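Just the one chain here, laid out as structure tokens, in the form predicted on its own.
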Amino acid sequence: MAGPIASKRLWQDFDWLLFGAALLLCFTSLIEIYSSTMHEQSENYFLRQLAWVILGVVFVFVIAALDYHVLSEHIPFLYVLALIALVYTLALGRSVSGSKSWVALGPVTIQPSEIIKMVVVVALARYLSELRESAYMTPVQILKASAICLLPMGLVALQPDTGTALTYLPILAVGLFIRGLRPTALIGLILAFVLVLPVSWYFLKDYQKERILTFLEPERDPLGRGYQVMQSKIAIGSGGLLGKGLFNGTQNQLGFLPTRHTDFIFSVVGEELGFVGVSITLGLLAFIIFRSIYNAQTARDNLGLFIAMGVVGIYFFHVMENVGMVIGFMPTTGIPLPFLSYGGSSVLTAFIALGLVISVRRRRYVN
């Protein structure tokens, strides 16, 4: 009798509010993807995204049903498998927009570097949670934790996919911050980051340098690399308070805004739904982030805490970078907006992350 009662209690503790917020974002995404690709019906962007959303929903329930401790036990094998997948992608992957980041699985093409972030979240969470209780991490422990994250990140950077590689950093930053760093270690890491920035310029490819220069001065190439950001600003600014209405955005419908269904989907929301639509969208994203933080705070152990906060770091970085990108405050990196941008791997990863957070929540009262 105890088994069914415990199982019922666990499912009653499923975070329906968190899940509902994600579904509302996906509903908005599907509408705006249809709007931005309605003149390209042969590509079936809407139906493809709908299929990935349905698959993502399935993954939420599957991951939430699994005990995150069981996932942690198998994470060494999954981590090695993830590294093999990245090496395979680097060697035999399909090149898209200059990055060899894609692998074809029959009729479906996926981006392993997106999904593998969730493996890194659990791997780092397991390592940090198993450290002996102490106020601060030792330099060796910091190096080991960094290696768990930086090894797959380096393989992604070699593809080269700088944008996706950067999304691995919040996992490490949040984990180290929560676990505890000595003030001297924190200052050292910040100084190392600052010193590496100018040196890294010499290792960037020409198109990557051009992206940074265009970000600093979009007008230097208004018909080239600065075109996207300038059109994005026009689209968002023209939306006004209530927007131009669904399927009526001129920058969107007339094709002035490039990659409007993927990286710049937020611009379409701004143009067609206006300030009100943007506020609701950002509100839902903020709710997902803060709700995940709450679930992390109520986790039964440090493993759950680190997993949930690793997800928070990813969500937060994606939102800040993508929204900052479309309004010209951040460089154009191709980082998708969670639950909104078109892309199967991105949507699936966002839902898997959601499933991990809900898995942590569902087991907060388990003895």
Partner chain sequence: MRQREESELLRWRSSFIGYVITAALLVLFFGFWNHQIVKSTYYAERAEQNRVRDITLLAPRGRIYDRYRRVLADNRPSYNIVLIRESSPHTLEQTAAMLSPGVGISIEDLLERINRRRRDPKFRPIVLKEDVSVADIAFVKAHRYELPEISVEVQPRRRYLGIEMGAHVLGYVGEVTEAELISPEFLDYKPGDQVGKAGLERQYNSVLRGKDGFKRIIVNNFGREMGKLLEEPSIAGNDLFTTLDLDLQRAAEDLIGERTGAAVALDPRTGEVLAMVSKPSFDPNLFATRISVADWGNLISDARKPLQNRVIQNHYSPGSVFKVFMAASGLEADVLNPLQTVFCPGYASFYGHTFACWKKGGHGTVGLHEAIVNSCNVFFYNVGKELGIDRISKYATTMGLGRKTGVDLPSEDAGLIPSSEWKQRVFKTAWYPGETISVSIGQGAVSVTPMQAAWAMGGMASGGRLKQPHLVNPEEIKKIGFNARELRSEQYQMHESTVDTVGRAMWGVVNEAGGTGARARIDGFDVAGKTGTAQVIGKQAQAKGDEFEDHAWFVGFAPYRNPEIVVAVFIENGGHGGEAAAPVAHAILETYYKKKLGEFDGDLLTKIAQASENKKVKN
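Numbering follows the first chain given and starts at 1. The shown structure was predicted, so the numbers you read here are calculated from the model rather than taken from an experiment.
There is also a form predicted together with its partner chain; it is not shown, and the following applies to it.
A single residue from the set Met320, Val62, Leu55, Met38 has any heavy atom within 4.5 angstroms of its partner chain in the model of the complex; that residue is Met320. Note on the partner interface in the model of the complex: the residue among Gly240, Pro76, Gly245, Gly188 having a heavy atom within 4.5 angstroms of its partner chain is Gly240. Against its partner chain in the model of the complex, the set Arg132, Gly180 and Phe316 is in full contact: each member has a heavy atom within 4.5 Å. Not displayed here, its partner chain is kept clear of Ile335 by more than 4.5 Å at the level of heavy atoms in the model of the complex. Residue contact with its partner chain in the model of the complex: Gln251 places a heavy atom within 4.5 Å of it. Its partner chain in the model of the complex is approached by Ile293, whose closest heavy atom lies within 4.5 angstroms of it. Interface residue remark: Tyr227 is counted as part of the site for its partner chain in the model of the complex, having a heavy atom within 4.5 Å. Partner contacts here mean any heavy atom within 4.5 Å of its partner chain in the model of the complex, and among 63-71, 29-37, 44-52, 304-312 they occur only in 304-312. Using a 4.5 Å cut-off on any heavy atom, the residues of 259-295 that reach its partner chain in the model of the complex are, in sequence order, Phe266, Gly270, Gly274, Phe275, Val278, Ser279, Leu282, Ala286, Ile289, Phe290, Ile293.
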